[in-house]
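Just one chain is shown here, as structure tokens, and it is the form predicted alone.
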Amino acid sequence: MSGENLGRRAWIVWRRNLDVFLKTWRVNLLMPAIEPVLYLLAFGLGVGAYISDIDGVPYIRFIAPALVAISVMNASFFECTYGSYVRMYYQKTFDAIVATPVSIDEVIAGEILWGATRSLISASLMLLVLVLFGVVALPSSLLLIPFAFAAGLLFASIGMCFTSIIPNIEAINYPSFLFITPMLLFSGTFFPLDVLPGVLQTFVLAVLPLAHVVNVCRALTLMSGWELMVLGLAWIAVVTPPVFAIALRLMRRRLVV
């Protein structure tokens, strides 16, 4: 099968998921629109009232790009864990699709592309709220939208790797609590990385993808930290292809009997 057909048919799977999303768009867009407001009110205005500026930046502006990064992570990861598992196991959507000329690899690739698209949608809504609050710089912050898709590919691929090995839907709680939650807390989201011990900083930058997504988002919204942005873009570019390939291989092993 040619790469052209693989790409085309994967986008057909993506289109199927988009059509379903558009039928329930009101419910799907409600939480991404409300979530940034709650975070900004609770952390930016609430906690931020007791925190001095961080590197000369008001706390609400410091956490604003991190909120975009978190939305990118959550949207794609959980779409390709909970969402993909439901389509695979309960709705039997994968079985129905592979009964057509679409292959398993194309189904999984389409799922990952859709997960990245969910990141783009979520980040766009988040960015709109942040612009209305006046806590991000324009026009550079608009680059967060295409970047959200690229970062979403990574988190979607990671999510699909977990989907390929979990025994049941309840087991998704393990990567959620043991991987996503620690990353949420220790990736420079709510406090700068340089307050951590040097060894832990090295570990975070070497292993946790959210740290690099936060750094890129922060550079684009605050117009600073370009060195960390370059490192983050390079890290994501290097890590995403092999993780994507591993996700395809593991899902193929699970589904082909």
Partner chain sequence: MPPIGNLNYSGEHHFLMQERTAICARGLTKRFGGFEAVGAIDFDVAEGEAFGFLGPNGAGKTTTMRMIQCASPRSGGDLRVFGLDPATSPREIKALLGIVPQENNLDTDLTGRENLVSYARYFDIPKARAEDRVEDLLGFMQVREKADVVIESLSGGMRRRLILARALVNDPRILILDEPTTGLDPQARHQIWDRLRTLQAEGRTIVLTSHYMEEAERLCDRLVIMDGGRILARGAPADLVRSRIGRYVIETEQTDAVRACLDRHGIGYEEGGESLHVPVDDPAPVSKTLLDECGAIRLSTRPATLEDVFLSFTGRRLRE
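Computed from a prediction, not measured in an experiment: that's the story for all the values here. Positions refer to the first chain, counted from 1.
Another form, the form predicted in complex with the partner chain, is not on view; read the next lines as being about it.
Shown without its partner, this chain lists 173, 140, 91, 181 as candidates; in the predicted bound form, only 91 has a non-hydrogen atom within 4.5 angstroms of the partner chain.
Partner proximity in the predicted bound form, defined as non-hydrogen atoms within 4.5 angstroms of the partner chain, places exactly one of 99 to 107, 123 to 131, 181 to 189, 146 to 154 at the interface: 99 to 107. Interface residue remark: residue 253 is not counted as part of the site for the partner chain in the predicted bound form, having no heavy atom within 4.5 Å.
Remark: residue 234 does not count among the residues lining the partner chain in the predicted bound form, judged by a heavy atom distance of 4.5 Å or less. Within this chain, residue 239 is remote from the site of the partner chain in the predicted bound form, having no heavy atom within 4.5 Å.
The closest heavy atom approach of residue 249 to the partner chain in the predicted bound form falls outside 4.5 Å.
Annotation for 20 to 35: interface residues with the partner chain in the predicted bound form are 20, 23 [heavy atom within 4.5 Å].
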